[in-house]
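Quick heads-up: it's one chain on its own, the form predicted alone, in structure tokens.
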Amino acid sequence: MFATEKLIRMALEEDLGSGDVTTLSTVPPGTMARALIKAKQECVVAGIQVTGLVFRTLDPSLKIEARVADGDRLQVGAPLMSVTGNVSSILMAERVALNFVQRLCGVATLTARFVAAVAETEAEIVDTRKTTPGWRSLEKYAVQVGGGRNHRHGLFDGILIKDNHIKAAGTITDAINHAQRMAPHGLKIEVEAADLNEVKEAARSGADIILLDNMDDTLLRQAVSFVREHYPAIKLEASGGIVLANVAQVAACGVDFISVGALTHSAPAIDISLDLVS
């Protein structure tokens, strides 16, 4: 929570600068009112606590009433939250609060669509490290709210050997051998493979998870068939070029996980408004 509070303070400072000249010029001091935050699109809610924290950070006297909880699915026009108190405080926090909730609802909503698309399969939707700088914990939380699963949070909590690591190490086998000797105890070793030969080498060398990178359906099915027959304990992850239009087709190939960078780097913000109502 400390990191979130720090991010909120930075966002408020960025927006307010030396002061909200419009509000200070137009709103009489001491004016009180109630504002309602409403969804203008269907969405999955994420970030309610963060949104309330934005208002309380700027003015602890504001009364926040959440009308929904994270994970709720809203129709157009549904209220998310009411904020009551000093109008100047409400207006000064408005944009920052909406930026947080629109972004996080967008991530949760897009994730929920991907999860629904593979619901008839065994595949799980996972995120990546392609996140907004400073927002990773929040965006990965929103992925969870949308029904997805978090991949590694950063470089420190998971081993993923990719093409450049392999080039630097020499071969896939060399990279895995180094990882097995040097990695912290308990961390699984995941290896990226671009073709069937690389899949076989990774499997034979002791990979725990193989990332099937940018493979077409034919190659995906061949890789899945080989691993399931000869190395059934190895988990398989598909990645690269996966969108809503083809995710079900990818899942049908039999992979365990499907990683989608778009969940966090390309989720469209949900249209959410704040209006003074009394």
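Quick note: we count residues from 1 along the sequence shown, nothing fancier. Predicted model only: the values in this text are computed from it and were never measured.
Keep in mind that the form predicted together with another copy of the chain is not shown, yet the notes after this line are about it.
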(request) Would you check whether another copy of the chain, in the predicted complex, lies within 4.5 angstroms of a non-hydrogen atom from each of A69, A112 and F226? (result) no
(message) Based on heavy atom distances of 4.5 Å or less, which listed stretch (69 to 77, 113 to 121, 179 to 187, 196 to 204) is in contact with another copy of the chain in the predicted complex?
(response) 179 to 187
(message) So in the predicted complex, is another copy of the chain close enough to G30 to count as touching (4.5 Å, heavy atoms)?
(response) no
(message) Residue-level contact is defined here as any heavy atom of the residue lying within 4.5 Å of another copy of the chain in the predicted complex; does S239 satisfy this criterion?
(response) no
(request) Report yes if any heavy atom of T84 sits within 4.5 Å of a heavy atom of another copy of the chain in the predicted complex; otherwise report no. (result) no
(message) in the predicted complex, does Q222 come within 4.5 Å of another copy of the chain, counting heavy atoms only?
(response) no
(request) Output the sequence-ordered list of residues from 114 to 137 with at least one heavy atom within 4.5 Å of another copy of the chain in the predicted complex. (result) V126, R129, K130, T131, T132, P133, G134, W135, R136
